[in-house]
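Coming up is one lone chain in structure tokens, specifically the form predicted on its own.
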């Protein structure tokens, strides 16, 4: 009889401890999620170090999101973490792309092929991570990308904007991977519809630029009578003035993709001029730096195709079409001991 009593007490203790642990986990998750939203995310957004943000996203994201197993909702900080982690994969894809272009220019077929395959693999990872971020936005804002705008709290608008951007990036990276991440292409128009729910001027022209990016990517998708070039130009100017130049970067990429060399050059020059004139917005340095990184990659692609190496450090500048005598040699001056 005593054995049954002891067994019952032990069982009750285990159940009690299990319930207590669940409570502790939920409390910890609520605290961690709240801290991430209130302090970690704002701190990262104010920091211009993209590498730090991407590594933080990869390291902290799984921890924050794991609390969903005990019914703690952490969609917003988790979404930012997955966006950061996506930036890491994106940066690796960009480096592989430049390696591929250098190898092509040097006539190294096997190196070029290997770099192209590596680039696709990194694009796949980026697409997956941005896709997770988009999925978290869908979970947090039911109806995002639909015909009607969901309810968005004032302090969550930036998360909504980042979610829409994640949707666009997930599809673009999946395309670059050859569809290896299997992202639903319907996300692209959904991201465009989501962006229209925000005040574009308040958010540095990015909502309009996101819509314009989709319209340029999918011919015929813009509303009838839309002047995409004008919308892009106005959105980019808003970002330039605010010191968050994401819209300008999206314009550069869109013009590059459309093969508009003249328009791309003007947009790159405008981006550089804005950097000189207007400092990065204090609380959004990360996003402004990310925009600069996007434009820098477009610039580096052009330099690498034409010169075999990336562009200059510290300035956004496209190469002259006509080769300048000694230009490339000057960059290597002193390395052979003669300078």
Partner chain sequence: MNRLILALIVTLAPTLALAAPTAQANKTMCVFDPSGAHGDIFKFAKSYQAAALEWGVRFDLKAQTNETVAKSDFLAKQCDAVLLTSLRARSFVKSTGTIEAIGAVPDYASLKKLVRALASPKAVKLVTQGAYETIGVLPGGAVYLLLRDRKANTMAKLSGKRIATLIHDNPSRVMVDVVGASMVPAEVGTFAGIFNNGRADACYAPATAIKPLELLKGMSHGGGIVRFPLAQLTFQIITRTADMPAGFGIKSRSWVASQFNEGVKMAKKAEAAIPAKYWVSIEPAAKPAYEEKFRQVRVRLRKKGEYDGRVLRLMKRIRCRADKTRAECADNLE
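Numbering follows the first chain given and starts at 1. These figures come from a predicted structure and were not determined experimentally.
The same protein has a further form, the form predicted together with the partner chain, not shown here; the description that follows concerns it.
- Only one of 265 to 273, 203 to 211, 149 to 157, 111 to 119 places residue heavy atoms within 4.5 angstroms of the partner chain in the model of the complex, namely 111 to 119.
- At a distance threshold of 4.5 angstroms between non-hydrogen atoms, residue 258 is in contact with the partner chain in the model of the complex.
- The partner chain is not drawn, but in the model of the complex it has a heavy atom within 4.5 Å of residue 182.
- Taking non-hydrogen atoms only, residue 231 never approaches the partner chain to within 4.5 angstroms in the model of the complex.
- Among heavy atoms of residue 218, some come within 4.5 Å of the partner chain in the model of the complex.
- With the partner removed from view, the residue among 91, 237, 138, 104 that has a non-hydrogen atom within 4.5 Å of the partner chain in the model of the complex turns out to be 104.
- This chain lacks the partner; the member of 176, 161, 87, 96 within 4.5 angstroms of the partner chain in the model of the complex by a non-hydrogen atom is 176.
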